[in-house]
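The form predicted alone is given below as one chain in structure tokens.
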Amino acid sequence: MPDISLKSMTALGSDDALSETFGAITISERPEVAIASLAARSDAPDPISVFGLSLPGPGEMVSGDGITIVWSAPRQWMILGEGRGEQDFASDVKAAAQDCSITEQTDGFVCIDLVSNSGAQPLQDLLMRLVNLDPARLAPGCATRTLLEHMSVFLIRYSERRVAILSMRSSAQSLWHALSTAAGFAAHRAEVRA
């Protein structure tokens, strides 16, 4: 009988997470981020907090101790766990929110970070090329669901210099292509102007 070994790979089809820098912007795949969705049941009281974090309202996110919570719909949230991509994160969320319905989402989504090494402006310029949103809706501490090219994505603005993008795993290659093409173009324009 042949030796069949299963080997995990990232959403972008690599053994290791991909990372690429274009001028001031670094794009990085984040397979170590676990994701679960939380839905408050209609017969249960509204949850007030999970993992000690107050649940955010529309367009908001909260973060602390390696956990990020993003509002996704009325009585629904996406919960991210830094460094927990190989764990049973959904079970941990279920233990923290027993009256809620929890769904494991880690393998269904890809998380990609955009980080600027030169302040907020390069990141702001890139986001303006990628999404049709008022920049005020993408201030630090904001999170929203929108379209990026043909893909539905969550944008999570952690800081002036960092944005995480969640998209369906099936569109990971398309998302990477869109981000790297826009970042490469922006870097080229910056060089020409300099």
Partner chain sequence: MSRLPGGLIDRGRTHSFTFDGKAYHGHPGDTLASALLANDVRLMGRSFKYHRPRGVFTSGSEEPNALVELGTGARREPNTRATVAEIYDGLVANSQNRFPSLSFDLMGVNDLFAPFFAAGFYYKTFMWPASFWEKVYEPIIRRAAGLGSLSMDADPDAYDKGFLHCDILVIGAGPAGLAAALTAARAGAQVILADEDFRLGGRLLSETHRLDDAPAQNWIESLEAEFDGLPKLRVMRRTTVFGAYDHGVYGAVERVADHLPDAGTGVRQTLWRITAKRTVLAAGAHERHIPFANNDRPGIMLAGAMRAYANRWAVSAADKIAVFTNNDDGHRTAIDLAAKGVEVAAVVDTRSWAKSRGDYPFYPGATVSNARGRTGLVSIDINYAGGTERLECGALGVSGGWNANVHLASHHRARPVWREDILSFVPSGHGGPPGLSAAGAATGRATTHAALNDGARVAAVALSDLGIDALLPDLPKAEDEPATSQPYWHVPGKGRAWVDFQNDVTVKDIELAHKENMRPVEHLKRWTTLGMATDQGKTANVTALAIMASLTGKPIAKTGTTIFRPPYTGVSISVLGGGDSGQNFRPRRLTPTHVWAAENGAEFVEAGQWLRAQYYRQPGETDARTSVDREAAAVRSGVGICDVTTLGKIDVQGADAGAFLDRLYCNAMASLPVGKVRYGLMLREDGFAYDDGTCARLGEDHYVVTTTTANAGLVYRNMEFSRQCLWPNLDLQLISTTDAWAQIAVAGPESRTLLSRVVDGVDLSNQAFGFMACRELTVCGGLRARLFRVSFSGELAYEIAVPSRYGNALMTQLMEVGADLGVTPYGTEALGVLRIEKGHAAGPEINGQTTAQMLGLGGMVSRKKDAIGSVMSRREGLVGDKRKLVGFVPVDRQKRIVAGSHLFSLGARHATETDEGWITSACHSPALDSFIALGFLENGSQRLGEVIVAANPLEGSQVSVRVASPHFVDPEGARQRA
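Numbering follows the first chain given and starts at 1. No experiment lies behind these values; they were computed from the predicted model shown.
One more form of this protein should be noted, the form predicted together with its partner chain, which is absent from this view; the next part is about it.
| said: Please determine whether E82 contacts its partner chain in the model of the complex, using a 4.5 Å cut-off between heavy atoms. | reply: The answer is no: E82 has no heavy atom within 4.5 Å of its partner chain.
| Distance check, R161 to its partner chain in the model of the complex, heavy atom within 4.5 Å | R161: no, not in contact with its partner chain in the model of the complex.
| request: Give a yes or no for S116: in the model of the complex, does one of its heavy atoms lie within 4.5 Å of a heavy atom belonging to its partner chain? | output: Contact with its partner chain, no.
| said: Residue-level contact is defined here as any heavy atom of the residue lying within 4.5 Å of its partner chain in the model of the complex; does A139 satisfy this criterion? | reply: Result no; A139 lies far from its partner chain in the model of the complex.
| message | Just to make sure I understand: among 41-64, which residues lie within 4.5 Å of its partner chain in the model of the complex, judging by heavy atoms? | response | Contacting residues: R41, S42.
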